[in-house]
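Single chain ahead, by itself, as structure tokens, in the form predicted alone.
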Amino acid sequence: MKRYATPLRFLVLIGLFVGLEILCRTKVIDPFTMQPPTLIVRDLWNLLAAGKLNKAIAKTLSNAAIGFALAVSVGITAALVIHRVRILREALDPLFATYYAIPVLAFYPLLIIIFGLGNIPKIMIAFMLGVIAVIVNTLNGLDRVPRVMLKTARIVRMSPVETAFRVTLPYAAPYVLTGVKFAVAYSLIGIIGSEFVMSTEGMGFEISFAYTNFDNATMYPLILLILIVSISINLLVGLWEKRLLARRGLR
């Protein structure tokens, strides 16, 4: 059944696309509110071909990539340390359980005061949203590493760094990749949300400006582009995850 999961996902997406197209064409959805998906795709093509928003798109995606890279690298490193220090794990577990109840975007004005108007506050928001997902999922994977593997590493006198890179992280890789998939989404949410709040550039700003000016020909194509980027990256990471599981005979 699992081998049909990906085709089923594509069928669901196609079904949603066709359903929206019908609702828009039959004017169940007011054309003033939303144009048909086929026209959104056309508008996206024209928008990219014209190149007038390429700078805004590049700004958002580059900041999201930096936030994502920081979240993954810091998250994995922090998880390895926390997993080894039991007291630290016990102290931080309650924070991990309630972290996403905290409105991270509320810290954006404070970050602007500290770092000034620029890219750093946005990247920090993306990082803060993504890093905990990476830590939690990496810890989940590290908890499942068989003790016999850790004992073997000690017997052959591997250093903690060698043990991490040659034993624990490879075994926990599927769980780490789950955290990576969350980090992709959270990084984009953090950057675009920050651009909505206080920015004069980026896709979030352009979407907000288009919404205010009833410019559906810009707003919906940019939203579609964000969805395409996020879904594509998650599909690629998902394929990587499936290969790892297949090599272990779990798929």
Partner chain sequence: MSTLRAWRGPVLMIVGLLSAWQALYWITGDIALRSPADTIRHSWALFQRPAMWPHIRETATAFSAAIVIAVTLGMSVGLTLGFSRLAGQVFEPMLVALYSVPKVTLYPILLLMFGLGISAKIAFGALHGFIPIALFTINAVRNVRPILIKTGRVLNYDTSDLVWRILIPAALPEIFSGIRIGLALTMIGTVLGEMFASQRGLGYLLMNAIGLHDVDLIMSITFVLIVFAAVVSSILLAIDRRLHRRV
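Since this is a predicted model, take the numbers as computed values, not measurements. Between two forms, the rigid core is defined as the largest C-alpha subset superposing within 1.5 Å. Residue numbers count along the first chain shown, from 1.
Absent from the display: the form predicted together with its partner chain. The rest refers to it.
Residue-level contacts in the model of the complex: of Ala69, Val41, Leu48, Met198, one residue has a heavy atom within 4.5 Å of its partner chain, and it is Met198.
Here is the short version: of Val81, Ile120, Val74, Leu110, the single residue with a heavy atom within 4.5 Å of its partner chain in the model of the complex is Leu110.
Interface membership of Ala183, defined by any non-hydrogen atom within 4.5 Å of its partner chain in the model of the complex, is ruled out.
Contact between Ile189 and its partner chain in the model of the complex is found at the 4.5 Å heavy atom cutoff. Contact between Ala64 and its partner chain in the model of the complex is not found at the 4.5 Å heavy atom cutoff. Proximity of Ser208 to its partner chain in the model of the complex falls within the 4.5 Å heavy atom cutoff. With contact defined as any non-hydrogen atom lying within 4.5 angstroms of its partner chain in the model of the complex, the contacting residues in 89 to 122 are Glu90, Ala91, Pro94, Leu95, Ala97, Thr98, Tyr100, Ala101, Ile102, Pro103, Leu105, Ala106, Phe107, Pro109, Leu110, Ile112, Ile113, Ile114, given in sequence order. Taking 2 Å as the criterion, Leu224 counts as shifted between the shown form and the other one: its C-alpha moves by at least this amount when the rigid core is aligned. In a rigid-core overlay of the protein, Met34 has its C-alpha displaced by at least 2 Å between the shown form and the other one. After superposition on the rigid core, displacement of the C-alpha of Ala210 between the shown form and the other one amounts to 2 Å or more.
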